[in-house]
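Before any questions on how it binds or moves, here is one chain, the form predicted on its own, in structure tokens.
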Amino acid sequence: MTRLLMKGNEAIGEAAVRAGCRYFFGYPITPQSELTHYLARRLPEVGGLYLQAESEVASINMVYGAAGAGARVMTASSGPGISLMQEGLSFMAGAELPCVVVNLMRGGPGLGNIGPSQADYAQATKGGGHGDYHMIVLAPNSVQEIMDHTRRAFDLADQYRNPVMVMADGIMAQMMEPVDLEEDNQIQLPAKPWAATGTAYHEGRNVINSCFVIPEEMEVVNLRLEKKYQKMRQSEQLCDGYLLEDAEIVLVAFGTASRLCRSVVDKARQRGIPAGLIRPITLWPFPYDFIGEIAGKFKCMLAVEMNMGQMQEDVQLAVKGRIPVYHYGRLGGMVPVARDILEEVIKLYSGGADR
């Protein structure tokens, strides 16, 4: 085990290399650019290929090609670039091609700014592209988790033959924390007999396709995909709980906001307020089951986000109207302040919140 001080962007790049990723196609954008710098140096060292495409549209289509050939492949961007990739992501979901997409969010909509944000929640979890499809979306809240979940994302992508997104914000990309690196043992990548690798290793040929012009055939494909998504919903929901046993007011937050909320919970308890925290780690599938099972124990929940309440809707679906769900958020690259969140908790606990 080796312990290093790493930036979030660097940890993503190193995790990808250690997961067996040998192809990266992307286009620089703040706050993601240091990831492309890291892989431009690191991938050639392990016999891989880094290619800066002419655009994000070109990047995701290069990812499509490499994934179709059976490679472990990744791209990365921020909100505006991820928007440009939506058609390609929909195509890859339809063709059942595995890849890892990293989204390091910044303020929007439009070009927005380079401030940290969680404004891409709905785009990632509700399917920004066309058609009925989903991606597993992982939301780490530390540089160590960035490392761990990036590696896990490649396994999930191959397991389900589906794009998987690792989503964080500009703070997570830029901050430095200690990271434990496991020994870089040679990993065994899964066989991909479905890949379009020519006919040298099998008879006939494989066809990668997401175009089914006959409605009856398209419906069969959609039903098969939905069966896969149901399995993801049943098997991949992941979240973390903090001081929930005797909590009466529960904050729900992911990523950077969850770090702030954990300190708010501690400060609230120092004032005698029984607060707790639920941190969704998979944003899709959202941890409906866990939240739904315990929601009735609490008086209310407060969704804290760096957006206008995109995750709040999922929390409301999870609690099914049994308790009120409130929202506190900052927008446009502004980061919530623990003091302000605590004031919101105090207002809610005392019944003084005007909602």
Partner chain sequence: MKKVFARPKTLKDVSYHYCPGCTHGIAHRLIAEAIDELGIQNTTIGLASVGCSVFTMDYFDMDMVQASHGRAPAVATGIKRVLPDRVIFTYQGDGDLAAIGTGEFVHAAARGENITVIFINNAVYGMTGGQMAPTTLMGQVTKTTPFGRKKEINGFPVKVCEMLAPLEGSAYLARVAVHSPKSIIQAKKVIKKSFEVQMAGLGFSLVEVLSTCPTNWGLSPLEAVKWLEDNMIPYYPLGEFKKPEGVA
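Numbering follows the first chain given and starts at 1. Since the structure is predicted, the reported quantities are computational estimates derived from the model, not experimental observations.
Below, we refer to the form predicted together with the partner chain, which is not included among the displayed structures.
Engineer: With the cut-off set at 4.5 Å between non-hydrogen atoms, does V319 touch the partner chain in the predicted bound form?
Structural biologist: Looking in the predicted bound form, residue contacts with the partner chain do not include V319, since no heavy atom lies within 4.5 Å.
Engineer: Consider P215 of the chain shown here, and say whether it contacts the partner chain in the predicted bound form, taking contact as heavy atoms within 4.5 Å.
Structural biologist: No - in the predicted bound form, heavy atoms of P215 and the partner chain never come within 4.5 Å of each other.
Engineer: Is P324 close enough to touch the partner chain in the predicted bound form, meaning at least one heavy atom pair within 4.5 Å?
Structural biologist: Although the partner chain is absent here, P324 would stay clear of it in the predicted bound form, with no heavy atoms inside 4.5 Å.
Engineer: T199 near the partner chain in the predicted bound form, any heavy atom under 4.5 Å?
Structural biologist: Result yes; T199 sits at the interface with the partner chain in the predicted bound form.
Engineer: Just one of 308-316, 61-69, 283-291, 35-43 has heavy atoms within 4.5 Å of the partner chain in the predicted bound form; which?
Structural biologist: Result of the contact check: 61-69.
Engineer: Could you check which residue among L243, A195, L189, V221 gets a heavy atom within 4.5 Å of the partner chain in the predicted bound form?
Structural biologist: Contact check passes for A195.
Engineer: Just one of I208, I114, L238, M175 has a heavy atom within 4.5 Å of the partner chain in the predicted bound form. Which one?
Structural biologist: The option sitting close enough to the partner is I208.
Engineer: Note that the partner chain is not shown here; using its position in the predicted bound form, name the residues of 17-51 with a heavy atom within 4.5 Å of it, in sequence order.
Structural biologist: Sequence-ordered list: Y23, F25, L49, L51.
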